[in-house]
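Single chain ahead, by itself, as structure tokens, in the form predicted alone.
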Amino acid sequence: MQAASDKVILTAAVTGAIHTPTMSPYLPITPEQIADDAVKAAEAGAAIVHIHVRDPQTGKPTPDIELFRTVLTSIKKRSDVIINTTTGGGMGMTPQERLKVVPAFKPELASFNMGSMNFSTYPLLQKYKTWKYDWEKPAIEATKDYIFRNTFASMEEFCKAMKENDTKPELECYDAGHIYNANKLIMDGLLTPPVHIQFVLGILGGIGPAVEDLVTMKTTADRVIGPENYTWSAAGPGRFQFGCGITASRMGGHVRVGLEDNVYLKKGVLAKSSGEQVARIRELIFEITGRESATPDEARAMLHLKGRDKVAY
């Protein structure tokens, strides 16, 4: 396994497209709330914030470019944190809708999903009996018959857009097969090593959240891509978030937390912000491994990013 570096890059995914307003009153919805949560996460030690946007009236995920513009410019004015824009978007968005944020804003970093998959959250229906907005329950029910579409044709389109805009892709791998897909894009010259991979564990339809699953992903990437050809981070949903982060940090990787993945701080206690989760994982990692959190500029150097002065917002 790759030896741990001195610094761990902490990412805060602040709102996402999975959780709905019913699930937490602290889930950021408006552009102002999303930007505020991102800045608080940076102040708590996150070097990267991962950004989705939502309809400010209903909380429903949207690809609206002007909402992105408001959030990105607000964060940049107040923090030097690295902004990682989503190209995963939300259910029902076309690949073209998801991708347009890249040429519009030329971000330093953007998520890039490495394959089609069943992406299901319908078990959440068992937990909630009433809903704040009419769209929430049908959207979650629909995930039982939903395929998150990322074909080779669309992945080639995403590669081209990111290369043209000097945006580094963060390769979202939800299963071992996605690592092989990433390697195919590398072999075809569409991705340039060292790539940055995020192992996403525990989504229904992908690999599980156990330690053995993370080891499977890491050893597969080592064998297929080569440890010298990638950096990596790990994310786990819900109650697996902190355990996944600690394990990843012990294995030499980087860590993602945030309200996109988990609305709790500990059992039965809702997190009031992504920054609370960043502060907690930062403290746990230091206590257990001695690794300190990287600053945004240290993370830029580690991931070979172009710098905040070269974005288009």
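Start at 1 with the first residue shown and count on from there. What you see is a predicted model; the values in this text were computed from it and never measured.
Keep in mind that the form predicted in complex with (5S)-5-amino-3-OXO-hexanoic acid (KMH) is not shown, yet the notes after this line are about it.
Enquirer: Are H52, N113 and E260 jointly within 4.5 Å of (5S)-5-amino-3-OXO-hexanoic acid (KMH) in the predicted bound form, each by at least one heavy atom?
Expert: Looking in the predicted bound form, the three residues H52, N113 and E260 all sit within 4.5 Å of (5S)-5-amino-3-OXO-hexanoic acid (KMH) (heavy atoms).
Enquirer: Counting only non-hydrogen atoms, choose the one of 198-206, 71-79, 100-108, 218-226 that falls within 4.5 Å of (5S)-5-amino-3-OXO-hexanoic acid (KMH) in the predicted bound form.
Expert: Single hit among the candidates: 198-206.
Enquirer: Against (5S)-5-amino-3-OXO-hexanoic acid (KMH) in the predicted bound form, would Y174 count as a contact residue? Criterion: heavy atoms within 4.5 Å.
Expert: Y174: contacts (5S)-5-amino-3-OXO-hexanoic acid (KMH) in the predicted bound form.
Enquirer: Can you check whether G88 is within 4.5 Å of (5S)-5-amino-3-OXO-hexanoic acid (KMH) in the predicted bound form, heavy atom basis?
Expert: Judged by the heavy-atom cut-off of 4.5 Å, G88 is in contact with (5S)-5-amino-3-OXO-hexanoic acid (KMH) in the predicted bound form.
Enquirer: Taking (5S)-5-amino-3-OXO-hexanoic acid (KMH) as it sits in the predicted bound form, is F119 near enough to touch it, meaning that at least one heavy atom pair lies within 4.5 angstroms?
Expert: Yes, F119 sits close enough to (5S)-5-amino-3-OXO-hexanoic acid (KMH) in the predicted bound form that at least one of its heavy atoms falls within 4.5 Å.
Enquirer: Determine whether any heavy atom of I18 comes within 4.5 Å of a heavy atom of (5S)-5-amino-3-OXO-hexanoic acid (KMH) in the predicted bound form, and answer yes or no.
Expert: So I18 counts as contacting (5S)-5-amino-3-OXO-hexanoic acid (KMH).
Enquirer: Listed by sequence position, which residues of 298-313 have a non-hydrogen atom within 4.5 angstroms of (5S)-5-amino-3-OXO-hexanoic acid (KMH) in the predicted bound form?
Expert: Sequence-ordered list is empty.
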